[in-house]
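Listed next as structure tokens is one chain, alone, in the form predicted alone.
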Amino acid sequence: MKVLMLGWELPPHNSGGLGVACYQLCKALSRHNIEMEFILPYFSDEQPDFMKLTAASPRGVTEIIKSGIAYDSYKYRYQDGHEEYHDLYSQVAMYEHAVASMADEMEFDIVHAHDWLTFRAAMRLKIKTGTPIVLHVHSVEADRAGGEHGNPLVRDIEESAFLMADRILAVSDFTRRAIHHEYGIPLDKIEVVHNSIDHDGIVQLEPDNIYRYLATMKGQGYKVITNIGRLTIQKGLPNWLRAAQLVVQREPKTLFLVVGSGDQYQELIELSAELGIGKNVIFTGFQRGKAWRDAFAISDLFVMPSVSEPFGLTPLEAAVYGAPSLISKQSGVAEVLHSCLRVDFWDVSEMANQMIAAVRSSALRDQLLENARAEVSMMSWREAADKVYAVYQRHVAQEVALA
């Protein structure tokens, strides 16, 4: 079976969990008898042994360079030597037309597209070739807009794609129901394929934690509560900081570590100052590798306070690297990780109460972490891959029968 995979990012050039999930799913799918070609909107030097990576190169473009602090900006280099940056919507259109053109030289039995950025390309291929399309939904526009309506252009793309899709895969039942609620898509057209964690990719922690200041403060009795992720409206950080203010009032020896970048970065710094907790909140910016792992390891508690989180890999990663979690009830990961504290994203008072309970009780923290690690150790991308492969088989078989 030949699968054409359409995705917007892969590690190490990823700005979030989407690229990680795509990579790990493809790796697990390679156990089956599948030839995969993954089309990215940029050139990558990486070339995994389980699939072929190809750049969707528009006409006249010789190189597409993904850059920016969180790899969120593309630079297009043309044959005549000039370079241009394009906005996101232009990039999506260029990707669509490039994929449609490249399809003439490709053979594939099914198209698997990840999130709205590649859905236009998937629809174009279905119209052009009649090939079945599977849409993998890692988030919908309402998630990214923090529960609001969001961008009407993106919503139009999502709605059209969902109606045209042969099958929709959702990363959680939370997301499955969001697709149904936002767009009226029948629930029986949507299948849940939970994300997981790659145990082979776990890196052993080094003894010298990079956050030496925090380690020194912990030696003086301070506790560290951490958030790691994109600093956007979807992630609920303003409510977390308001809860942090209540925590500091009752437990002044508490520090809050914010690891990530995003459009709320400056706003959150200013809010910390306005709340009078600026000296308790540390912003690191976007981090990778050791600095990212050490942020979990130095933490007494990891908090994911998202307004709407389709899945949320970070609580699983937190368990691996040594931190128990407090997560939003409005998240998909709550369906698979039970050994954690939970709170409604809007309940600032209860969020503060649960953080204080974790700060005060080492026994609670230790038990949560032990149980979470046991749960995570049983998770595998293989189950997700088996579900996806079954979908492929079903729809390819239907196409053969119709032919």
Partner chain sequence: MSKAIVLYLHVHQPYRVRHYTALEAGHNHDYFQAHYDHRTSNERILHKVAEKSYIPTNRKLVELLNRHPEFKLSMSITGTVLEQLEEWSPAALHSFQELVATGRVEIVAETYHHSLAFFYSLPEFEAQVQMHKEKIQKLFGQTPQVFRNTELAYNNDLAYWADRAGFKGILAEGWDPVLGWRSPNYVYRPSYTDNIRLLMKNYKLSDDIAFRFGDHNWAEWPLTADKFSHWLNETGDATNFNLFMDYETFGEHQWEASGIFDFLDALPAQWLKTPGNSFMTVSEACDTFEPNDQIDVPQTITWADTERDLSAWLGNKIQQEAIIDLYALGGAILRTNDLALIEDWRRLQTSDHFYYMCTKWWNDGDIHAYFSPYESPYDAYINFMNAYHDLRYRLAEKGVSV
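Residue numbers count along the first chain shown, from 1. Because the structure is predicted, anything quoted here is derived from the model rather than measured.
Although not depicted, the form predicted together with its partner chain is the subject of the following passage.
Of the candidates Glu35, Glu46, Glu350, Glu63, Glu350 is the one whose heavy atoms come within 4.5 Å of its partner chain in the model of the complex; the others do not. Of the listed positions (Leu275, Val192, Ile197, Leu246), a single one reaches within 4.5 angstroms of its partner chain by any non-hydrogen atom in the model of the complex, namely Leu246.
Contact check for Leu53, Arg59 and Met94: none of the three has a heavy atom within 4.5 Å of its partner chain in the model of the complex. Segments offered: 110-118, 294-302, 246-254, 232-240. Contacting its partner chain in the model of the complex at heavy atom distances within 4.5 Å is 246-254.
Interface residue remark: Ser30 is not counted as part of the site for its partner chain in the model of the complex, having no heavy atom within 4.5 Å.
Under a 4.5 angstroms non-hydrogen atom cutoff, its partner chain in the model of the complex has Lys329 among its neighbouring residues. Heavy atoms of Leu40 never reach within 4.5 Å of its partner chain in the model of the complex, leaving it off the interface. Its partner chain in the model of the complex is not approached by Cys26, whose heavy atoms all lie more than 4.5 angstroms from it. In the model of the complex, its partner chain lies within 4.5 angstroms of at least one heavy atom of each of the following residues of 359-379: Arg360, Ser361, Ser362, Ala363, Leu364, Asp366, Gln367, Leu368, Glu370, Asn371, Ala374, Glu375, in sequence order.
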